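One protein chain, two forms: both are listed below as structure tokens, the first as structure 1 and the second as structure 2.
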Structure 1
Amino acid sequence: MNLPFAAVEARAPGKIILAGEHAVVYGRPALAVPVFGVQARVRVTPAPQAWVHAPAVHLDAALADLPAMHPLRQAVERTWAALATRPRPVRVHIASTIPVAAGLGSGAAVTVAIVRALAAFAGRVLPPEQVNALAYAVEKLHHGTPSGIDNTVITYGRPLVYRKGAGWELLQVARPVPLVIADTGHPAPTRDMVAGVRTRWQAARDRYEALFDAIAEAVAAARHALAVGDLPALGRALRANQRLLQAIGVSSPALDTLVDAALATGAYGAKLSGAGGGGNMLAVTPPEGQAAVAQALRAAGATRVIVTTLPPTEAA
């Protein structure tokens, strides 16, 4: 088969945890959703030699000059292998509006976009399950033992529920869900926050197990609200989740300030997202309220605000 020597492009969204942080480590479910307001974009063009250009991480190098296990090199080489075709010399240009190391799935989105762009260059469309498997293999280079949430949400562009040991299930969304995501500007110390929860859980297991059970109830309520299109109910579930995250000690003054600002401006619900201690929060708003909430979050100190909408899914 002759390859089309023309430029091709592929895109992939970010992702964020909607509900269930920390409790998911202890066997409860978590919800994650795609973030279409940011994206990774990969453009593949013919070139004299295989080359990778990623300005956001100051990378401009021949593929062969990257370490053998570099995630970008592995993404390219594994995709050619999956396509069962001779690797062609191409320039892989990566542009992404997804913040790096912010819990928004930047690495997985770049990999998914690379896989799809190279497949398109080869005149192929890989099935989602194969794209997902390739992205997960590269995620292991980034994170060691990832859950698979990031690559799955991003590959399918769909919300999902994940439970440790049970895998994930794609979810239905009945109506558009307006979201506003804001960054505190403070790093989210994931390892420290997870370790702190574990220490407190070991000291008071009954109390923390009850808190994790309550978080699972909030996740179930959020899942049902998505399925029936009840945005106020989704907001109530997120508010409940935030109170429980505060109770287990993973919120912060900066996060609480942003959550309060969103709620005071009419958001249905708001909570931290991710490990806590810093990083991002998210708010669910009325459709007409996104701009006002975004403005309030900036005024309250957010260093970056993303306005996006989770679209409805087609019925299964």
Structure 2
Amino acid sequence: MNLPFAAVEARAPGKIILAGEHAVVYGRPALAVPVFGVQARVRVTPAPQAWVHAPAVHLDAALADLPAMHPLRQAVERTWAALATRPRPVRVHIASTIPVAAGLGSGAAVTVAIVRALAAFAGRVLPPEQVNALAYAVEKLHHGTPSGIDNTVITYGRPLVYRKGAGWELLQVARPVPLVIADTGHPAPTRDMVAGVRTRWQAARDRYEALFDAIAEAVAAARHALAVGDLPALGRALRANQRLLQAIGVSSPALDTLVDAALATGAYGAKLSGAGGGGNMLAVTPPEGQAAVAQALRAAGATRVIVTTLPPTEAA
């Protein structure tokens, strides 16, 4: 039991986008799932002054010394405001195993964990809609024009179909989906990648709108394949999505190398995941093929490989 103003801890998972990134910023649907194998953990303890300690980003500072719009400072201040409480000073200790700037939602997960930990510290539980709204507000500081998919999948911790402005639906998954997630080791700065797509969209709107529509078709095909448990069809949809991500200029030689290595080792489909430019890719494999694909990705230069399986959703 958490007593008010005792030390508390809260966690939030990472996330991976199965299909539809970037187009989701322009109102098309996208599919995302939580990744529980990595997580952000936030511990809040009473302290002589408000303090933030985030060793992964070499930060150890008084909250008041951070720039006013720093996302961590904003996460703390906005949460206290939402709780309408005047707390005693706390030390916020952030320990995340989610790689930073890798397309796995580290920023959103840290915010969600901060919001939940501060609420618990005050002896409260905020409803998920409010946690999500706070995390979205902080995402805007990280990324400029986020769609809201990262904070939503991380807050609710469910596989979902997300559409900006229309909320989310549970993604139906008929049978286990073997996944291999591999990191290029190159940073994927979401803000820059999203801004680059916007610049190219502004210069060629018709072409980019058509590409976003084609991504929406790949998303619909992937969604149907998941709902009926057709892994080869899911793979085809992901391959189509990857070609379209290349066309909007967000893949990279390192991502293409990993995608090719996965396909050459029998993956049904493979694509970059998240903002691109670096960060992670994912492959859908036959159930018996995960280990070989993981091995091939390491041999092709992946700096970190996560082997996981998306579980089926319960029948409604």
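When a residue number appears, read it as a position in the sequence of structure 1, where counting begins at 1. The term rigid core refers to the most C-alpha atoms you can superpose between the two forms while keeping them within 1.5 Å. Please read all numbers here as calculations on a predicted model, not as lab measurements.
Student: Assuming the other structure does not fit, state which one is the form predicted alone.
Tutor: Answer to the question: structure 1 is the form predicted alone, whereas structure 2 comes from elsewhere.
Student: Just checking, between the two structures and with the core aligned, does D206 shift 2 Å or more at the CA?
Tutor: No: D206 shifts by under 2 Å between the two structures.
Student: After superposition on the rigid core, does the Cα atom of A227 shift by at least 2 Å between the two structures?
Tutor: After core superposition, the C-alpha of A227 moves less than 2 Å between the two structures.
Student: For F36, is the CA shift between the two structures at least 2 Å following rigid-core superposition?
Tutor: The answer is yes, as the C-alpha of F36 shifts between the two structures by 2 Å or more after core alignment.
Student: On a rigid core superposition, how far has the CA of A56 moved between the two structures, in Å, if you could check?
Tutor: A shift of 6.3 Å.
Student: Give the rigid core superposed Cα shift of P89 between the two structures, in Å, rounded to one decimal.
Tutor: On core superposition, this C-alpha lies 14.4 Å from its counterpart.
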